[in-house]
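As structure tokens, one chain now follows by itself in the form predicted alone.
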């Protein structure tokens, strides 16, 4: 009996050794090293960037005082354009500049865009063809003085006409204020920034000209019209129907209250669709 138990015990020990040897063999590739994990595949697509002054820049707008304003040119110069994927989504209402993205895509170089030029669609700025797929839910950019081109030395240049009751003003507005913007997810009729592998998605920088001049289809006590400069203060500075002014000219010529409105508008001119951005002057 004791001999049988001994034989049985030895058999169990041998079986255990064989199992352990088998497990060790599965855990190696024969070289004694653990096999390398399979490389993950990064799925990408094309992320395009556009700038939009909406119909107010392309087709014209009517100021809060009834001036019919049309633009021949509405140049803005942009750089540092960067889209982010964040989790949780970036909350612009938190008023925080710190952002910790999962992925980001930066469009290099400087771009001067004429927001008045496109017939209907937003103006194309550029694209990145190897952006990591996912939801880009934050967008940052800088509004800067152009280093060359038609708006050289200016961050924004508006050229156009304003007419009311037979009076006409040909205006050229030259702004050199530099501003940095950070916004969250685009807010509008469609969602933007959702990039699927092998596909395309769009990020939009939006500029609200109605915040600048106000709108005659809103009441005078509407917050937009209260905060808007309008065109009357500018028309009052015209000579023989011509107005050509810089930011420094306006600081000198406008009443202090109106100039303060202008400064606030220029800082908060940029949006993401209807979504607000946090913003601060660069100079």
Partner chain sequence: MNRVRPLIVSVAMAALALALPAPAAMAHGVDLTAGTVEGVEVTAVFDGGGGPMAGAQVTVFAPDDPARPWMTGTTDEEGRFFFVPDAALPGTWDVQVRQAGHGGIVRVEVTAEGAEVAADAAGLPVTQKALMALAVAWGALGTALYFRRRAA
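Everything numeric here is computed off the predicted structure, so don't read it as measured data. Residue numbers count along the first chain shown, from 1.
The following text describes the form predicted together with the partner chain, which does not appear among the structures shown.
Asks: Is there a non-hydrogen atom of residue 255 within 4.5 angstroms of a non-hydrogen atom of the partner chain in the predicted bound form?
Replies: Answer no; every heavy atom of residue 255 is more than 4.5 Å from the partner chain in the predicted bound form.
Asks: Should residue 103 be counted as a contact of the partner chain in the predicted bound form, where contact means heavy atoms within 4.5 Å?
Replies: Close contact is absent here: in the predicted bound form, residue 103 is far from the partner chain, nothing within 4.5 Å, heavy atoms only.
Asks: Would residue 68 count as touching the partner chain in the predicted bound form under a 4.5 Å heavy atom rule?
Replies: Outside the cut-off, so no.
Asks: Just to confirm, residue 187 within 4.5 Å of the partner chain in the predicted bound form by heavy atoms?
Replies: Yes, residue 187 is a contact residue.
Asks: Please determine, with the chain shown alone, which of 109-117, 158-166, 204-212, 125-133 has non-hydrogen atoms within 4.5 Å of the partner chain in the predicted bound form.
Replies: So the stretch in question is 204-212.
Asks: Any chance all of 73, 96 and 149 sit within 4.5 Å of the partner chain in the predicted bound form, going by non-hydrogen atoms?
Replies: Per the other structure, none of 73, 96 and 149 touch the partner chain.
Asks: Sort through 178, 170, 91, 200 and report the residue having a heavy atom within 4.5 Å of the partner chain in the predicted bound form.
Replies: The option sitting close enough to the partner is 91.
Asks: Under the 4.5 Å heavy atom criterion, name the residues of 216-244 that approach the partner chain in the predicted bound form, in sequence order.
Replies: Residues within 4.5 Å: 218, 223, 224, 227.
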